[in-house]
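Next up is one chain by itself, shown in C-alpha cells, the form predicted alone.
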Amino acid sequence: MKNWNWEVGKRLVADVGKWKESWVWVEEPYASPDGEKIAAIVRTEDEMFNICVNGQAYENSFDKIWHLRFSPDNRLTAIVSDGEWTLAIDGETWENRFDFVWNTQFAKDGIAISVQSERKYFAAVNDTVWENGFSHIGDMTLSHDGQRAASVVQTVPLKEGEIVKFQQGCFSVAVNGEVWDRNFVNVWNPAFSHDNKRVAAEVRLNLYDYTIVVDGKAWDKTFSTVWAPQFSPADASVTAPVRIGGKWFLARDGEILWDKPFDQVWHHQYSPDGKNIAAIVCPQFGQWTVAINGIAWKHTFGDLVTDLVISPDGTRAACVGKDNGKWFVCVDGIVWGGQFDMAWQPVFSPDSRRVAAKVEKDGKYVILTDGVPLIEPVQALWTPTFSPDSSSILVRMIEDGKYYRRVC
C-alpha cells in the first residue's frame, strides 16, 4: 500500500455507464483495492463472455465467467470455462482444468479454489492440485501464507438412509490432501494457526456431544454446542465459544476462559498481539452487543450485530448493528449519529485513531469518518482504505455513471 498513489485529488478512471453501449450486457463492476482498475464481466454479441477492465476487454473470451474478484495485491481473478472450468488471473488461465470450480480464497502469497474432477473433490493452491480426492469437500480455508489449504472432507462413502454409518463418523479434515486419522459425525470451520503449521476445527462427536479438535486430537471436554475455533497470535492456545447448560462461554484449550455466561457468543477474534479478544454476544435474549475480554458493551441492538473488527493496536473495536430494521455503526460501544438502510464493516486507520465506514441511505452511498460524512452521496462506493500513515483515505466511487479514484 505504501507504493499506491496517495496524492490528494479526484481522478476519472473509466466511464462505466458507456460500457452498456459496447456489450450485450454488463454485470456488477468490481474495483481493485488500489482503485486503479474497475472491471466487470461482459457478454459479447457472439454469446461469449469476456472481462472488461477500465473499458478494455481481454483478448480471450470464454463460454462462461463468474465470481470476478480482485486479490489483495490487485490481481483480477475469475472462474472461467472454455469447455472445462479453471481459474483465470489477469486473463491468463491456470494449466489445470476441472469439471467444476468454486470458492476462491486469497492469502498473502497464494490463491486457492475448491474443485471437482472425475467425481472427486480436491483443493487447488496456486495451480497445484491435491493428490488425494474425496467424495465431498466443504469449508475450505487457506493458510495465512497462502501455501496450504485445509478442508472438511468425507472419508467414508455414505448412501441415503445409512444412519448407523453416519453416526459412526464419515467426515474429517484434510490438510494439503492428507487426512486426520480420526473421523467425526460432522466437522465445520477449520482454521490455521498463525505459523501456518496447525489446524483446528469444530466437530460433532455423536448425536449430542461437540468439541474442538486440533491436528486430529480432540479437547478432553465436550459441550452441547461449539462455534468456530481461533488460534491465539501470542501462543499455541486455541479458543472457541462453547455451550454449557443452555448458556454460552468462551473456552481456551477446553477450559472456560470467560466465566460470565451469555445467551450467545460467536465470531470471536483476537487483537494482533493476542492480548485482547472481542466477540459478538447476547447478554439477554433479544439483546445483541460486543464483549471485550468478557465484558459487554452497555449499548445493545434488538435485531443483530455483525461485521466486528478490532483496531490494529488491539485497544478498540467497532461493529455494525441493526435495530428495528435500521442499521447503525457502533465504535467502542458508542453509536454514531444517524440510522441507515445499510451499513458495512468499519475500517480502522493504521494508527487506530480514526474509523471510516460505508453506509447507504435512500439509494445513495456515503463514507463516514468518525461519524461525519467525508463526501457527498454517490451512486456506488467500495470499502474505504486509509493510507499507511493514516493521514488520507482512498475512496473508490461511481458518480453519474463514471468511476473515480479519489484521495481525501
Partner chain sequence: MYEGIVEDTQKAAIADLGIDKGVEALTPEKIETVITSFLESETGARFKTYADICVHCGLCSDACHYFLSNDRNPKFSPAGKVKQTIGEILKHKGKVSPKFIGQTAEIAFTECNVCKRCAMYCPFGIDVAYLMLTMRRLCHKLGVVPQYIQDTAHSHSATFNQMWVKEDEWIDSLQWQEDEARGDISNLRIPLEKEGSDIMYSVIGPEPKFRAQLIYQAAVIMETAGMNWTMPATPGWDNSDMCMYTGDSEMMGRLKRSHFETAARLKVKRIVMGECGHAFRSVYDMGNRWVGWKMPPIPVIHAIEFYDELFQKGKIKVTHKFEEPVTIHDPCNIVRGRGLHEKIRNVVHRTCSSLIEMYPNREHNYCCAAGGGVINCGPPFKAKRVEGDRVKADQLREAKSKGAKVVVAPCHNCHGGLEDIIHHYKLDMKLKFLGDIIYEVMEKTT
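Numbering follows the first chain given and starts at 1. Source: prediction; values computed, not measured.
FYI, the form predicted together with its partner chain isn't displayed, but the following is about it.
Practice item. Mind telling me which stretch in 122-130, 253-261, 331-339, 164-172 gets its heavy atoms within 4.5 Å of its partner chain in the model of the complex? Key: Going by heavy atoms within 4.5 Å, the stretch is 164-172.
Exercise for review: Consider Ser224 of the chain shown here, and say whether it contacts its partner chain in the model of the complex, taking contact as heavy atoms within 4.5 Å.
Suggested key: Within the cut-off, so yes.
Review point. Can any non-hydrogen atom of Trp288 be found within 4.5 angstroms of its partner chain in the model of the complex?
Key: Taking the distances in the model of the complex, the answer for Trp288 is yes, it comes within 4.5 Å of its partner chain.
**Study point:** Close approach of Asn74 to its partner chain in the model of the complex, 4.5 Å, heavy atom
**Key:** Asn74: no, not in contact with its partner chain in the model of the complex.
Review point. Heavy atoms within 4.5 Å of its partner chain in the model of the complex: does Leu12 have any?
Key: No, no contact at 4.5 Å.
Review point. Is every one of Glu27, Tyr30 and Phe49 within 4.5 Å of its partner chain in the model of the complex, counting heavy atoms?
Key: Answer is yes for this spot.
Check your understanding: in the model of the complex, which of the listed residues (Phe192, Trp180, Trp297, Tyr210) lies with a heavy atom within 4.5 Å of its partner chain?
Key -> Contact check passes for Tyr210.
Review point. Ala107, Val199, Ala278, Ile137: which sits within 4.5 Å of its partner chain in the model of the complex by any heavy atom?
Key: Only one listed residue qualifies here, and that residue is Ile137.
**Study point:** Stretch 233-266 - residues with a heavy atom within 4.5 Å of its partner chain in the model of the complex
**Key:** Result: Arg243, Trp248, Asp263, Gln264, Trp266.
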